[in-house]
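Taking the form predicted alone, here's one chain by itself in structure tokens.
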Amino acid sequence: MDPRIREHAAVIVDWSARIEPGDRVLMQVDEGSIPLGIAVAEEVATREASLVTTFGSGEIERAYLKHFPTTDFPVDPEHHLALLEQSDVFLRLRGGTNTSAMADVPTELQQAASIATSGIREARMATDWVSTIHPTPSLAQQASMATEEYRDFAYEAILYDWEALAEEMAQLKNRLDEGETVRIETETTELTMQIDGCTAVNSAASVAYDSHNLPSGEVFTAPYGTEGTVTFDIPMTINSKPVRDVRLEFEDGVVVDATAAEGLDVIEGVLETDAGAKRLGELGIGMNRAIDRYTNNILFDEKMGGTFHLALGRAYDSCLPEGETGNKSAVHVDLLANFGEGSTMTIDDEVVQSDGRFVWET
């Protein structure tokens, strides 16, 4: 076994999930991630925590959705809900054999399934959950890299000095927490968002920071009152379909117009999910400089230094005062853009990033 797999497992258990003796751990393992699953199981055992493992497969999910006779999917199946509600920790080890397994599943089926299982999603997010990937050949192919090259890249981003990055990201978190208005200007974007009353998350790949993705390396908050236009120049795959050069126009916090060079039907499908899908749930700023290239994988790409992303749909409660909830939706779909030369991000008219570099980096 590649020793980095064991290092990865140790980061998941100790830094990210903070698993302790007696914790009830639920782990979902994709078909390509079994080596990482084995290493995590060993780590969980040495912590004297309990472990239940389930199997994840895009091909199995596709078969179920395509052969269900209606779009009235079972709402939050009780056996699934009970499993999550009885878990302290949920680990999602991604890495299937085909990253496009869901490509021919109609958007309306995926939307209906997402809406029907919104309670499952809430129960999962109520745990100390962590999502990560095992660097499989399919992910390497999706990133247009050789398998060994991709493994080196992935582990560089995953086996990071998270404490040092957390200290750096705290500088941006503090400015966002103190601010009221964020404005982003690039060659194709002029966008203003309100953030007063919100709390930014220093996403340092640990539940101790309200952060749940590994790798991570972003600071995010829950904007509202969005005005202006934004163009997302980083291509993406959404619902297993390519999306490119999406342009959104906002008025009064709501998307009033959408265009795309490719995948407009996908974006329109997202926007039509429910009322909350037309509003933003997240503004995220990528700060992981080890992620220095596009990989067609949101887990990595949204953390890339010199980028920002906006999510249509659900806001995270961790960004809001206790007892308050933000934008509600059955979806949370990220769209990415480069800052690039000539760009600025200002908080209350103070420039905090210019040309993709923070003021403390220059």
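In this text, all values refer to a predicted model and were calculated from it rather than measured experimentally. Counting begins at 1, following the sequence as shown.
The same protein also has a form predicted in complex with a further copy of the same chain, omitted here; what follows describes it.
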Would residue 298 show up as a contact with a further copy of the same chain in the predicted complex if we use heavy atoms at 4.5 Å?
no
Quick one: does residue 37 come within 4.5 Å of a further copy of the same chain in the predicted complex, counting heavy atoms only?
yes
Would you please decide whether residue 92 lies within 4.5 angstroms of a further copy of the same chain in the predicted complex, comparing each non-hydrogen atom pair?
no
Are any of the heavy atoms in residue 136 no more than 4.5 Å from a heavy atom of a further copy of the same chain in the predicted complex?
no
Thinking of 51, 64 and 78 as one candidate spot, does a further copy of the same chain come within 4.5 Å of a heavy atom in every one of them in the predicted complex?
yes
27, 310, 304, 319 - the one with a heavy atom within 4.5 Å of a further copy of the same chain in the predicted complex
27
Tell me, which of 202, 87, 189, 288 has a heavy atom within 4.5 angstroms of a further copy of the same chain in the predicted complex?
87
Of the candidate stretches 333 to 341, 54 to 62, 289 to 297, 320 to 328, the one with residues having heavy atoms within 4.5 Å of a further copy of the same chain in the predicted complex is 54 to 62
